[in-house]
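Take a look at this one chain, the form predicted alone, written out in structure tokens.
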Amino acid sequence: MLKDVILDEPGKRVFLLGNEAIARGAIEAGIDVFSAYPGTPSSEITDTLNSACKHLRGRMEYRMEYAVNEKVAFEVAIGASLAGKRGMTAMKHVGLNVAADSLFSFAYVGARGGFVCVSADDPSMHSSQNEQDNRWYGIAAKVPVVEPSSVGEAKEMVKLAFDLSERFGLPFILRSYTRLSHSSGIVELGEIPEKRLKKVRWERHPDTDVVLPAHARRLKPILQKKLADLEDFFTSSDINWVDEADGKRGIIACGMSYNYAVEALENLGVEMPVLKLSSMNPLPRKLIADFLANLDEVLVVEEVDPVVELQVRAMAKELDVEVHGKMDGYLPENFEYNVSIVQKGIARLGGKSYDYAHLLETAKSMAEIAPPRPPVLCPGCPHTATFYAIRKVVNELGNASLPSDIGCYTLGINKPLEAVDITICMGASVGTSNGLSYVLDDAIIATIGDSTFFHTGIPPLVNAVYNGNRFVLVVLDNSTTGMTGHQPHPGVDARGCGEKGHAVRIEDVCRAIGVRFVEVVKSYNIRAMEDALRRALKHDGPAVIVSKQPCAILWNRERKAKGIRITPFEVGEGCMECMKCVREFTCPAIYIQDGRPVIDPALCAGCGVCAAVCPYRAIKPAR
């Protein structure tokens, strides 16, 4: 909880969410600048630092901002570091793809003030489009990666990463993952430093900070030397340790997998030596070699890819140690681990029996009892109305391509709307529309959220204007970053730390870059949206419709705060049970009872879109 994150009682033990612990670590480390774009499972780091900065103002000051995308956030933190200040950014794993260009070059330049990038991976893809393992980025970019195994260690490792970043002149990646970011645990509080965010004079270092080819060729060996020195440090660091035990079989457990391994050993009643690793890059090879030297077999436990296993296999050849893990099927290659999965692998290593199949069968039978609950757009969601209008116009056309983007509006893929055909990554709805426009006879109606428009939607729209590509882009403007927790973005007049911002209007941006068809339509006005779509489809070039209505959750919250009574709608006597409100529209507040549609007043947001959909005008405000 926030009150514990900002509590100034060193030594007190509190219960924090993993992401809150990371934020607390940043505060104790005395960060100067934090910049991020929200993305699950990293968002609470940003939101916690956003809330904390207001409470700490005057005691411990830092600059906090919501950036337009991850690359910008990364570069904001770079700027702070090069000025000698501590800079930090946080993002979900795919966000590092956006920031990768800056990551690779900054490794050569090196940190001056401490630099930490939190990358929150998402094993099992709970809220992501892929399951990438960002430890590869550390290896490829020659950037250190550390990985905590508990909530308490996460807080301490943030501080350590800042210290080591300054000591070795390297940017650091702290890898978290869903199960750590969203778990809670005991954290012992350290001291919150008293500091003001003081501006400093710029000191030029063009020989390191400007990565001209000649400079970069000289900087690469220096970077390699820094990593070699850091590897020596990691070999004796207390973030890596060995749980001693007898036997010729052992376990190398990485990050949070260490906890699974320890519990699995207890469940099986088996003792094996365990090497707990938190430094993922560079690996402490001497420590690993010493551990392997006493073993015949070792099991590597890690999520998501066999990053450590591959390297251990290369080392083990010289030591004649047999290595097990993902690559030989002792552990699954895909998805998130848990104690049972790891226990199965350890049981196989130890020659023990473990009826995992029975466990899965029991879990399956229990899952079948629970009713299926597919994710749906919220009651009163303005996207539902927009998608309904798009589907209606597409049905008139007979066919159309419907690229979309990353956000809660991806749920427009579901029946009966079926208004999403393609979703690749942030901004790709506009990018793929450019390509589709070259090869399709059918119309193209793309959708993108307002935050995503600013994130990566503008450059491909510029491309469309420049090349004269013909498609319709509907910007689903709900005045927030909805999916990750309602963070602000450049389109609203709020900034981080509760400061007032200068809103950038999407329609102004579109007109400024040369889009000649730009219209703003209220999302709940289905007829206006249909008319705008039909006109936009006739436009020879890119056409933009901004579908504007606040997110229903925020809209409800605002009305309740003002004391405005929300009047629900109800299905009246005139209902002919045609079921159009269910079959063609969709709203979680509408359900079927005794063969008739009924509206749940507790869920109804009072938007009235269902009343506009009903052909018999049987849906009206409740009396």
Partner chain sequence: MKVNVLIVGVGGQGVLTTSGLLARAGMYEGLNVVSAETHGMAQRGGSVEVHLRFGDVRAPLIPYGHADFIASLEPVEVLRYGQYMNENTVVLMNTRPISPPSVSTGDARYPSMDEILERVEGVTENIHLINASEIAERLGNIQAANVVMAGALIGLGLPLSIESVEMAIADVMPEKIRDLNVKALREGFAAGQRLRK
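Nothing here was measured: the structure is a model prediction, and the numbers come from that model. Residue numbers count along the first chain shown, from 1.
The same protein also exists as the form predicted together with the partner chain; that form is not shown, yet it is the one meant from here on.
The partner is absent here; in the predicted complex, the one residue of A347, V546, I553, L219 having a heavy atom within 4.5 Å of the partner chain is I553. Scanning P144, G482, G457, P284 against the partner chain in the predicted complex with a 4.5 Å heavy atom cut-off leaves one residue, G482. Contact with the partner chain in the predicted complex, defined as any heavy atom within 4.5 Å, is confined among 425-433, 175-183, 395-403, 191-199 to 175-183. Annotation: in the predicted complex, residues E263, V376 and R583 each come within 4.5 Å of the partner chain through at least one heavy atom. Although the partner is absent here, I445 is not a contact residue: none of its heavy atoms lies within 4.5 angstroms of the partner chain in the predicted complex. Of the heavy atoms in M366, some are within 4.5 Å of the partner chain in the predicted complex. Mapping the unseen interface onto this chain, N294 falls outside it, with no heavy atom inside 4.5 Å of the partner chain in the predicted complex. When the partner chain is considered in the predicted complex, R623 lies well away from it, no heavy atom lying within 4.5 Å.
Taking a 4.5 Å heavy atom cutoff to the partner chain in the predicted complex, the contacting residues in 350-372 are Y356, L359, L360, T362, A363, S365, M366, A367, E368, I369, A370, P371, P372.
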